[in-house]
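So this first bit is one chain, no partners, the form predicted alone, shown in structure tokens.
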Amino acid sequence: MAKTSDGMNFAPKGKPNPVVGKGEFVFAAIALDHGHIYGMCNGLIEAGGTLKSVYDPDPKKLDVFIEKFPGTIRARSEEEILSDKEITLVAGAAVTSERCALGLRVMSAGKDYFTDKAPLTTLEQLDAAKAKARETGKKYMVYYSERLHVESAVFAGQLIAEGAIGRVIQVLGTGPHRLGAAGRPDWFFIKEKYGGILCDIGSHQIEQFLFYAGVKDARVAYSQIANFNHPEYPELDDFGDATLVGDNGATQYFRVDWFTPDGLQMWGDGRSFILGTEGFIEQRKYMNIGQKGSGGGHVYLANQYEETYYNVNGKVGYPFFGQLILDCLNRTENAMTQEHAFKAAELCVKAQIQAVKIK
């Protein structure tokens, strides 16, 4: 059962759906600074990946990881993993500002890189990542989990691809999270390290806009940040929102915050409202408020033909991970294009840079 009290340790588990046999796709983990590493590894293992080894300089983090993934080799150094020719891909959840540097080392070692979001924190890092991808031909893939590891989000994408709501013209997203400050590492409250709220959890929202609305490029029309209620953490943004306009005319508004109250059953009531020319879709990703134990997977569709509620919990799965494995083996781009991964990263950094501080 995935932990629901905080988003940092939310690691969804689905039904195994292997696309390769045991040992055909070997990967490793480096840098265990964020709990998303568990969801990343779960997804790859369920798709048939073989987790061989792990490295982090903190032995306590390694102990916890190996307890969750028994049989994983405890590497003595990062270099031990990078020099292992059997390993195809390295998954990492480093401190946000250090994710790009790790990726450059992984790709230079001839391996594909799979990083937690946000994948980087500056435009200079973005330029370096793009250059390394061109130089090596290796992937710099990103765990945008609020779309890739949420069944309602996967299903909404399938409905849109089938034409259920026509052309998407607006995506409205809310991404509230529970702060759980006592359980957060020190770096989480240092803006240079975590990147700011629009760069961090805003990256989920921007990536979904690009995907659902078929946007290749966009501009940040307006963005703002605030620290409304956490003076003890002066570098924390506890609120942020932004408006984007896509190259095809589609628009987005999203809000992210750290104000999930303790009485809520889930770490955040994440929702998405997708408006099309012929209908609309609402996702209630993790819960139905007022219905204890309702779980996630709630999708509402209205179009020219029907008004329908779907509960897709346990029914859709998480195809991204199998697609990523096959992309790495076949050098294809079915899971996510490199252009898309980098464009979402670029826009979340720009939203943060441009943000007006309202408090």
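Numbers for residues come from their place in the sequence shown, where the first is 1. Values in this document were obtained by computation on a predicted structure and should not be read as measured data.
Not pictured, yet referred to below: the form predicted together with a further copy of the same chain.
Residues placing heavy atoms within 4.5 Å of a further copy of the same chain in the predicted complex fall in a single listed stretch, namely 165-173, out of 198-206, 109-117, 165-173, 149-157. Not one of K60, T72 and S97 is positioned with any heavy atom within 4.5 Å of a further copy of the same chain in the predicted complex. Exactly one listed residue, out of Q323, N303, T50, N311, brings a non-hydrogen atom to within 4.5 Å of a further copy of the same chain in the predicted complex: N303.
Of the candidates L82, L102, A133, A221, A221 is the one whose heavy atoms come within 4.5 Å of a further copy of the same chain in the predicted complex; the others do not. By the criterion of a heavy atom within 4.5 Å, N229 is counted among the residues contacting a further copy of the same chain in the predicted complex.
Heavy atoms of E307 reach within 4.5 Å of a further copy of the same chain in the predicted complex, making it an interface residue.
Shown alone here, Q291 lies within 4.5 Å of a further copy of the same chain in the predicted complex, counting heavy atoms only. When contacts are judged by a 4.5 Å heavy atom cut-off, S77 does not count as touching a further copy of the same chain in the predicted complex. Along 251-285, a non-hydrogen atom within 4.5 Å of a further copy of the same chain in the predicted complex is carried by T251, Y253, R255, D257, F259, P261, D262, G263, L264, Q265, D269, R271, F273, L275, G276, T277, E278, G279, F280, E282, R284, in order along the sequence.
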